[in-house]
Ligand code: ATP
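Starting off, we have a lone chain in the form predicted on its own, written out as structure tokens.
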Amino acid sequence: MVLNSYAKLNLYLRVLSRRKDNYHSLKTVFERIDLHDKIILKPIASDRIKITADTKLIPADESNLAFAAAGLLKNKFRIRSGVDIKIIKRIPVAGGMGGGSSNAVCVLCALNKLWKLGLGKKELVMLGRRLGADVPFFIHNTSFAKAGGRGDDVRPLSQLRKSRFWHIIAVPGIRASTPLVYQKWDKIGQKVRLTSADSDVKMLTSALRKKNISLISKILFNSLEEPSIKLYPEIGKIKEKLSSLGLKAVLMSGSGAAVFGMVCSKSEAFSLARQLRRNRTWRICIARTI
């Protein structure tokens, strides 16, 4: 079984407060993009989970979310057969683009069919929450969604089902640490009114529906940008470079380190990519809403 495992971007991410469980409450808007990994699953006779990848940047044990997803189903439903999982990695590792979470969802959905578990979306979401905050978004299989809670209370934005955007994405040669970024936010962040986040999400949804990039650029926001840039100054340099090329809608995704710019067309994205690739320390990707 071969599956595409798609990446995400956060078009809006406002951290509201630290919770008692040490996670953070937030409001976010997700966009799914066509940059993707390949996940290849094969049943095996032995009672084990085997995972391999075409890069050494991701682990091959239970700390890999794809492995953890298979283990979760295997233990919960007492599955005695095993599975071989191969990951062909194209989504930047530790880029804030949800690659690990997306991989986990592919494994959950594939094994649900392969092992004939009969799980519905609601059940998969509940299981997905145990794996990570971004996981439920990918289970919903939607182009855009808003989310609250830890980012796992997902509501698809069906009014944006026809909206499509092109993006130029630059990723520095660093691996951002999500725990460190949130620790930094705890030191410098400020609590905000929940209603202001709700209002921003509504305005952004309207701007996305109208495909008004000028208006979108005024609403894009990520609470984690400031702490991330303090920890990893190269992220700030990418933002400055994209802005100097005339891009107005520029934002870091998730906890970093990927930075994206929204553009009007495929040709504009490719033109910008040619200029940005002169910096050989950054990985440059072009992606579209899917």
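Bear in mind the structure is a predicted one, so any value in this text is a computation, not a measurement. The numbering used is simple: start at 1 and walk along the sequence shown.
What comes next is about the form predicted together with this ligand, which is not displayed.
This ligand in the predicted complex is approached by Val93, whose closest heavy atom lies within 4.5 angstroms of it. Although the partner is absent here, Leu245 lies well away from this ligand in the predicted complex, with no heavy atom inside 4.5 Å. Although the partner is absent here, Val105 sits far enough away that none of its heavy atoms falls within 4.5 Å of this ligand in the predicted complex. Although the partner is absent from this view, Thr28 stays clear of this ligand in the predicted complex, with no non-hydrogen atom inside 4.5 angstroms. Note that among 52 to 60, 233 to 241, 259 to 267, 28 to 36, the stretch whose heavy atoms approach this ligand to within 4.5 Å in the predicted complex is 52 to 60. The partner is absent here, but in the predicted complex a heavy atom of Lys89, alone among Lys184, Lys86, Lys89, His140, sits within 4.5 Å of this ligand. Out of the listed residues Thr178, Ser196, Ser81, Ser206, Thr178 is the one that sits within 4.5 Å of this ligand in the predicted complex by at least one heavy atom. Residues of 208 to 234 placing a heavy atom within 4.5 Å of this ligand in the predicted complex: none.
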